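Next up is one chain by itself, shown in C-alpha cells, the form predicted on its own.
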C-alpha cells in the first residue's frame, strides 16, 4: 500500500516563519542566558524578565517543542548547542549571527513584488555601506568567520606560501588566522573602503599589523595586487552572478605567481540543484538585498576555475551541508 499523501509537510513550510520568530523572541528576552544563570523555572523566568506568566508559559512551551530547552527533573535546561552558542557572555556566543538576517524578514514576504519590479545592482545592499554599518555587519559575522578560518588553516597547508590575497575579507578572519598559523606568511585583505576601516580594527586587536595589510577597493572591478601565491575568496559567493564570479576568478589567476593556488569557499548547490537548502536560500536572499547574485552549483564553480586557466580543479566539502571549497592551481 502506498503512503498516504497529506498536507503536513506543506503546512510546516507555510508556517516555518513562526520558528524563526520564536528564536528571535527568546534571544530578545535573554531566555537561554537566564536559564543558564539559574533562573530555570517559569516562576523565576517571569520574575527575572518581567514578562507575564502566560507569555513565559507560551515561550517555554515553544522552546521545549523546538528542542531549544529541555527538562532536568522539574527545572529547565538549555539544549547542548543552545548552551554553547546562545548564552551571552560565553566565548562562542553567536546571538548576533542568529539575528543577522532579522532586518530582512519583511523583504522575504515582498519577493513576488521584487521579482515583478526588479531593482538590482552588482553590489546590492553593499552600495550603501558605511563604516558604521560595516562595523555592525562584522560584529554579527566575525565569530562565524573566525571559526571558518580556523577550519581553513586546519584543512589547507600554507606553510610554503608567502603572500595571501583575501578577496572580500571583511573582518580579516582568514588573513589574521592564516598569518598566526603559518610563520613567514603575509596577507592582504581587499574589501570595500568602508569595510577595511573595520578590518584594520580587527587586525590591530590581533596584533598582526606588521603582517596583514588592507586595500580599500571593489574586487569586482580592476586588477588585483600581485604578486601573490594564494588567493582566498570566502563566504561571498552568492552575492554575485556568474559573469562577475568568472571575471574575479580570472583576475585572481592573473595575479597569482606560477604554482600559486586559489580557494573559493561558499554556499554551493549540488549539481542537480536539489540542495543544500541553505545554498539556495542564500541565492534567493540576493533578491531581497537587491543584488544580481544567485546560487552557484559545484560544477559551475569548477568551470569558472577551468575557464580561467586553473589546473587540478576540485570541489570538496568544507562544512558538510553548508559550505564547499573549490580549489585550483596555476601551473
Ligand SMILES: C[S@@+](CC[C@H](N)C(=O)[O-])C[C@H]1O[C@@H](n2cnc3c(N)ncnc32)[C@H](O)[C@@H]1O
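Residue numbers count along the first chain shown, from 1. Model, not experiment: these values are computed from the prediction.
Form predicted together with the ligand: not shown, discussed below.
>> I'd like to check something about residue 170: if you look in the predicted complex, is any of its heavy atoms closer than or equal to 4.5 Å to a heavy atom of the ligand?
In response: Result yes; residue 170 sits at the interface with the ligand in the predicted complex.
> Does the ligand come within 4.5 Å of any heavy atom of residue 138 in the predicted complex?
Replying inline: Residue-level check for residue 138: yes, a contact with the ligand.
> Does the 4.5 Å heavy atom contact test between residue 179 and the ligand in the predicted complex come out positive?
Replying inline: Residue 179: no, not in contact with the ligand in the predicted complex.
> Contact between residue 217 and the ligand in the predicted complex at 4.5 Å, heavy atoms?
Replying inline: Residue 217: yes, in contact with the ligand in the predicted complex.
>> What I'd like checked is whether 123, 191 and 234 together line the ligand in the predicted complex, meaning each has a non-hydrogen atom within 4.5 Å of it.
In response: Contact check passed for all of 123, 191 and 234.
> Though the ligand is not shown, can you say which of 252, 195, 164, 212 has a heavy atom within 4.5 Å of it in the predicted complex?
Replying inline: Contact residue from the list: 195.
> Between the options 256, 245, 239, 86, which residue brings a heavy atom to within 4.5 Å of the ligand in the predicted complex?
Replying inline: By the 4.5 Å heavy-atom cutoff, the listed residue in contact is 239.
>> Only one of these stretches, 203 to 211, 112 to 120, 73 to 81, 138 to 146, has heavy atoms within 4.5 Å of the ligand in the predicted complex; which one is it?
In response: Heavy atoms within 4.5 Å of the ligand in the predicted complex occur in 138 to 146.
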